[in-house]
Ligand code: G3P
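Next up is one chain by itself, shown in structure tokens, the form predicted on its own.
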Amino acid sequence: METPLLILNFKAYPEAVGPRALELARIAEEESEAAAKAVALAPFIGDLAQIADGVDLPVLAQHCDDRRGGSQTGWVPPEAVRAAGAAGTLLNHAERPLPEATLRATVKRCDALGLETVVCATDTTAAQSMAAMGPTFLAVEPPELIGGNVSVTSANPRIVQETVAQVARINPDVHTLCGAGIKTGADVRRALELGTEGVLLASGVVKASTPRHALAELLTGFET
């Protein structure tokens, strides 16, 4: 996936599942093209294949498991993510955390299958151990700010700067993102100023009264 990058997580919000998911995905595709900026989507797992087939944007699973295909009821094997047409997966989101050993094994399996990984870290300390796993992206997201109205870039810019520095020291091939409370183009611009290569967000677009306008405004933060 290209950088700078905006990843839009649909979560399981009613505004972004089923037919509404495809509608939102098409809005994101149109705004990405209009702004000439990179956007990736992480829809609800039940909508993964229809979104991957319906738009020409990178699509990510919101989670997958270190399980192989077969008798795995309720699990999400990486092979199934790839078969659905996804480019990769989020891992270890604060709402779906994984034990460290499991996360390491899952990143390794995804890499072997050619799936990009976006690993979420709650703080700089966690980010350091996760950077050593070699994910494609690492997104620092303080849990207390997720879904709120105050951006991590203003509430805790230090955690962003320190994470960027530590990830670059441990594994310069890993791209650092930040998330939690990102709502405006100014928040995105500040994230880049702090050294990140993009943002991960959800409610700032999905819960907005006009998602198209919210996304267009966010993408202005990538303008130089």
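Predicted, not measured: the structure shown is a model, and the values here were computed from it. Sequential numbering from 1, following the sequence displayed.
The same protein has a further form, the form predicted in complex with this ligand, not shown here; the description that follows concerns it.
**Student:** Mark residue 22 yes when one of its heavy atoms lies within 4.5 Å of a heavy atom of this ligand in the model of the complex, and no otherwise.
**Tutor:** Because no heavy atom of residue 22 falls inside 4.5 Å of this ligand in the model of the complex, the answer is no.
**Student:** May I ask you to check whether residue 215 falls inside a 4.5 Å heavy atom distance of this ligand in the model of the complex?
**Tutor:** Result no; residue 215 lies far from this ligand in the model of the complex.
**Student:** Can you tell me whether residue 180 touches this ligand? I mean in the model of the complex, with a 4.5 angstroms heavy atom cut-off.
**Tutor:** Yes - in the model of the complex, heavy atoms of residue 180 and this ligand come within 4.5 Å of each other.
**Student:** Any of the heavy atoms of residue 147 lying within 4.5 Å of this ligand in the model of the complex?
**Tutor:** Residue 147: yes, in contact with this ligand in the model of the complex.
**Student:** Judged by heavy atoms and a 4.5 Å cut-off, are 93, 141 and 201 together in contact with this ligand in the model of the complex?
**Tutor:** Verified in the model of the complex; spot residues all in contact, yes.
**Student:** If contact means any heavy atom within 4.5 Å, which of 32-40, 180-188, 48-56, 164-172 contacts this ligand in the model of the complex?
**Tutor:** Checking each option against the 4.5 Å cut-off leaves 180-188.
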